[in-house]
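First comes one chain, alone, set out as structure tokens in the form predicted alone.
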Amino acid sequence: MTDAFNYDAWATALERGELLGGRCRSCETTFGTPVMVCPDCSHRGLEPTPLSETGIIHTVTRIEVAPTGFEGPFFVGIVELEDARLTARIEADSDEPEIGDNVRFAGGLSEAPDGSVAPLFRLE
């Protein structure tokens, strides 16, 4: 694990199947995605920290008309973990995901034309 928490470190961890967040060294608030400055205390010292890999769907949206380079329909939502919240792609085998459903981290998903990586969660 590196000492810096930025998008590159976060995306590399996702590609390895590791879910990292950033924790403020000053106030110890944890974030699910990279931020440059802690929104709670304005401190710049953020360090990578492992996040829990299970959570619940806080909100979910079905994307019918996908952006260029993606195939729709698919689901995205905010996943609430024990230690942070983050936006993620949500997959379900048969049921449509709903608010309150339990999900588990399933790795990084790289479908974007620019190669960017997003967290992927699946219904439990």
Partner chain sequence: MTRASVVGVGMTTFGVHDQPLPELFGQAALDAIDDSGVTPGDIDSFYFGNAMGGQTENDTHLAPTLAAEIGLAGIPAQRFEDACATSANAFKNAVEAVDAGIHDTVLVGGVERCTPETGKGTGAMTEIFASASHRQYEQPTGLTFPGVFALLTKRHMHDYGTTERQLAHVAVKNHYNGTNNPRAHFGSETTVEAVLESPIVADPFHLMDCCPFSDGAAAVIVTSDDLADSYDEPVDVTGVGQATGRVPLGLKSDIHATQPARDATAMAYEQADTTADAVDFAEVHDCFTGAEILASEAIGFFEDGFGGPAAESGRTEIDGDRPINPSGGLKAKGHPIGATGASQIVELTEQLRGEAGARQLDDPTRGLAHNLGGDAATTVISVLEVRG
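Since we're looking at a predicted model, the values are computed, not measured. Numbering follows the first chain given and starts at 1.
One more form of this protein, predicted together with the partner chain, exists but is not displayed; see below.
By the criterion of a heavy atom within 4.5 Å, A92 is excluded from the residues contacting the partner chain in the predicted bound form.
In the predicted bound form, V117 approaches the partner chain with a heavy atom inside 4.5 Å. Proximity of E82 to the partner chain in the predicted bound form falls outside the 4.5 Å heavy atom cutoff. In the predicted bound form, at least one heavy atom of I99 sits within 4.5 Å of a heavy atom of the partner chain. Along 64-90, these residues reach a heavy atom to within 4.5 Å of the partner chain in the predicted bound form: E64, V65, A66, P67, T68, F70, F74, V76, G77, I78, R85, L86, T87, A88, R89.
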